Ligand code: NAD
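Heads up, the chain below is alone and in the form predicted on its own; it's given as structure tokens.
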Amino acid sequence: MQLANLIDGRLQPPRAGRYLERRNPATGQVAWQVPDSQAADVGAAVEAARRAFPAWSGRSQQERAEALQRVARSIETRLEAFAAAESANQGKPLSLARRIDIPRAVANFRYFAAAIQHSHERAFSGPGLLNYTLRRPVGVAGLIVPWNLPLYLLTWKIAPALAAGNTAVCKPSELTPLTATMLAEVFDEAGLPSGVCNIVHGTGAGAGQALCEHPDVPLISFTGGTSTGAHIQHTTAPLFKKLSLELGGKNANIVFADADLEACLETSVRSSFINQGEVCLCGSRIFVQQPLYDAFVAGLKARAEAFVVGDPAEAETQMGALISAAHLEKVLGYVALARDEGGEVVCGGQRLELPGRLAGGYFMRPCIVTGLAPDCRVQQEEIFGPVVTITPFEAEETALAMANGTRYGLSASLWTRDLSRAHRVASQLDVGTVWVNTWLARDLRVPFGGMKASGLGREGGEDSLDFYTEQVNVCIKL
């Protein structure tokens, strides 16, 4: 299947006529020809967005909200088609795409459609003066998203950008182009004006770099790897663009001896291996207090070995294929490195060969490693696959030091029945999100983002509306 860019309301081939081959992760077979867009394609999309901006930003908040609600309904009526495409796109289980990815994409549009109608301005009065703050849209928003949650993360950026009155040029990952392309039909059905939201496929070095450099794109929101985020920051800093970076994570899962072991294990197997471990929020470093350590390792091992890896289309599948052959080799390389660094592979860690049409797919068994030092590479570098380490600890202070002892600061989980400890430890973790006795519970009203090498800026709720707007303070002498 040959895909196209969405520019100015029309599906268009890349101007240079160049395409990238994209393989289905579950079969290893070439499935799509993806536009290898360059600066000319990005320029056309930016110009279309720039032309559409005055009319779109001039619409009332209610009109923009109604358009986003129509987009949400259109995606919802195509839930099965989007879920199937998302599963084929990324190799994730179809049941996961049905249950999480597509419903959350719908929720993104619905939430920001409502939020924009309840936004408010601030006013302050003093002796003879009235001060108030205006929010106004920034202009053309450049939105760049990764491959692990292709539709969910794309709509997480499109919805607030458009709700606030901006127009957008989106650059999906070249590895997962399908659901982004399907949005063209959704936007048309919802009556979204031409040029309001454009989608340009291509590589980061081609389309992504051109988008970040474009002088008519005053805002960049990027989710992806830390090294790419650093490059984008270097590119955009001299241009004084508004910038949000949601980057990598090496998240700690801290289990205290008083934890509810069964509840902790049931959640930890998900936080370790859901979506093939290809989630920036996965708890890839597990620290367990010594009295519970042996029982936890045995319990997680049993659940990991029972985790069903296989055909993403099958209802019972819990873990599908990794995104690409190169990524599978990278993850397996970290398993080999874990052994070199003195770790014991408790279970999994090998490629899984499946029969028939799945014979060329990029499958592996979920892997648990013990016996590694907290400062070794496997415990410090983001693997982004189904590999977790488990390390024992005695004292609370030791757990905190190990949890904070990486360059990343995205999220953490902790398990305890002691409410005082929960508050105390949460306040000392250098991360943007802390979950206590749960994981991945999300409220769209709260800010989201990381610390240290996990990014800068916050999106979500009012923070998104702040990011996608400029604030102008007006002072009137009465």
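Each residue number is its position in the shown sequence, starting from 1. Keep in mind that this is a model prediction, so the values were computed, not measured.
This protein has a second form, the form predicted in complex with this ligand, left out of what is shown; the following refers to that one.
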Any of the heavy atoms of residue 112 lying within 4.5 Å of this ligand in the predicted bound form? no
Report yes if any heavy atom of residue 209 sits within 4.5 Å of a heavy atom of this ligand in the predicted bound form; otherwise report no. yes
Could you confirm whether residue 410 comes within 4.5 Å of this ligand in the predicted bound form, counting heavy atoms only? yes
Residue-level question: is residue 204 within 4.5 Å of this ligand in the predicted bound form, judged on heavy atoms? yes
Which one of 403, 141, 300, 144 is close to this ligand in the predicted bound form, taking close to mean a heavy atom within 4.5 Å? 144
Could you check which residue among 249, 93, 195, 385 gets a heavy atom within 4.5 Å of this ligand in the predicted bound form? 249
Partner-facing stretch of 115-123, 171-179, 75-83, 348-356, counted where any non-hydrogen atom is within 4.5 angstroms of this ligand in the predicted bound form: 171-179
